[in-house]
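What follows is a pair of forms of the same protein chain, given separately as structure tokens and numbered structure 1 and structure 2.
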Structure 1
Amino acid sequence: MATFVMVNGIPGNMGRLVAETCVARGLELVPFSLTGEMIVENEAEVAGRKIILLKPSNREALIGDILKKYSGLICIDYTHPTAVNDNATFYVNHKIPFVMGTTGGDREALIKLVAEANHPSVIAPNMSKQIVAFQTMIEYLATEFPTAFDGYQLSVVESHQKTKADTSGTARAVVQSFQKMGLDFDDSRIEMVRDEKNQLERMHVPAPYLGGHAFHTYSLDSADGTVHFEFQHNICGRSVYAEGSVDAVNFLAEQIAKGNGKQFNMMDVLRSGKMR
């Protein structure tokens, strides 16, 4: 039985790509998408299909009929950081399982909301299998060898397309692991690079990917400056996140079918072996 998916964030670039990936991977794309009130369009064409755009002003009136027609649908959220918590409340209130790919928002409130409702979801700052594996590695280091970088100084720089409004959620998550090692570093000190000149000349982002990339560098230096460690992960394009989002939907659908619906993250998806 096919899984119905509503991709929210169309007509944005990420929303479009995720919707196209869902179709390519055999999921049933629901012809509706939550979007922002400021979006002028009322519909969009994605993967050869007409998608009706639902705005905060009309979504409550329409969602009941949508849920009746597409029973068991799962939402994938790639909207805007300012919409994260409001959208999550909408999903919980209407008992819609969801995959949250949008970063930003009040993450503590998001996790608390979903946990208290025991709501089936996959929430993660990054949907890439390889980045999730990297995050798991750093978290393991923090847990098993918490004093490995005693006395070191951390610096973090991340570069994304200039339209990304918030600091990288992946960078914030990795910083949390380094903080567990005792490194004195607040995520407000993460350096965001959003101007294209610096992206080209300093970060060495290939010109074709200025509109969609994620370059991160985590540097660790000993107190006397004689030892330097550097962890780096650079992604050009967005396809890796779209593929991971579909993996998350398939994982969540399987968990719900087993009666295990609750809050998961991408590490759970990776451990399950469900990521392509």
Structure 2
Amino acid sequence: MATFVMVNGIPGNMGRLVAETCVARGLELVPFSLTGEMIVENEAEVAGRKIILLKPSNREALIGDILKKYSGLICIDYTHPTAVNDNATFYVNHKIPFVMGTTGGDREALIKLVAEANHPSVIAPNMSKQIVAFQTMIEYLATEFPTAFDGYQLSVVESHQKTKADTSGTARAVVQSFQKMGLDFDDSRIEMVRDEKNQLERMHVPAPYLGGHAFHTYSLDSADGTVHFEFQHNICGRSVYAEGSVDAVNFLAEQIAKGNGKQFNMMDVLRSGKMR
């Protein structure tokens, strides 16, 4: 039997994309979605299906029947940073396993809530398994060979759509590993590229993805300038995150079926080898 999945955050773009990916990958999309109170519409059309939008003011009244009808339902959350903790409380209260794709919110409180409830979930700041693998690999380098790049100079440049105001969280996480190796580098030195001219000409972002991309380049240069290492991860659009979210749902469903339902992260999903 296919897993029932409720994608929250419709009619947002990411919610739509994830819902479409769920359908394309054979999950059973239920016709409901949690959304924000300020959303005017009461329904949306996604992947050829009519989706009823549930708001904080009416979701408590309706969720009981939904859970009865769609037994084993798993939620994927791509809502809004301000909704993360409130939604997680809702999932825990109603015993709905979930994949948290939304970033932001009070992450510490989120992890604590879920851990105390021993609630089946996948929580990760980045749903791309390739990025998670890359981060883990760099952390391994830092842990195993802390002196390998002694005296080297680190530089980091990242490019995202111009609407992104803050520095890349992934870049900051990777920099933490390099800092462990004793490289003298402060987050404030992560160069942010947000203007389209430089995105096109310097970062080589394809024009169709100026509005949605995540390009990162880390460089390590020896003091005498004769040795240069470079690592890039360049993501156009958001389909890689949508695919990773579906991987996470499949992983979580399998763990629950085995009686292993608890808090996981994308590393667990990745190690399970189940990801596409």
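Only the largest set of C-alpha atoms that superpose within 1.5 Å between the two forms is called the rigid core. Note that the structure is predicted; figures quoted are calculated from it, not measured. Quick note, the numbers are simply positions in structure 1, starting from 1.
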item	value
Selected structure - the one that is the form predicted alone	1
Rigid-body rotation angle between structure 1 and structure 2, smaller part relative to larger (whole degrees)	22
Rigid-core-fitted C-alpha displacement of Ala171 between structure 1 and structure 2 (angstrom)	4.2
Per-residue CA shift, Gly151 (Å; core superposed between structure 1 and structure 2)	8.6
Cα displacement of Ala207 between structure 1 and structure 2, core-superposed (Å)	3.4
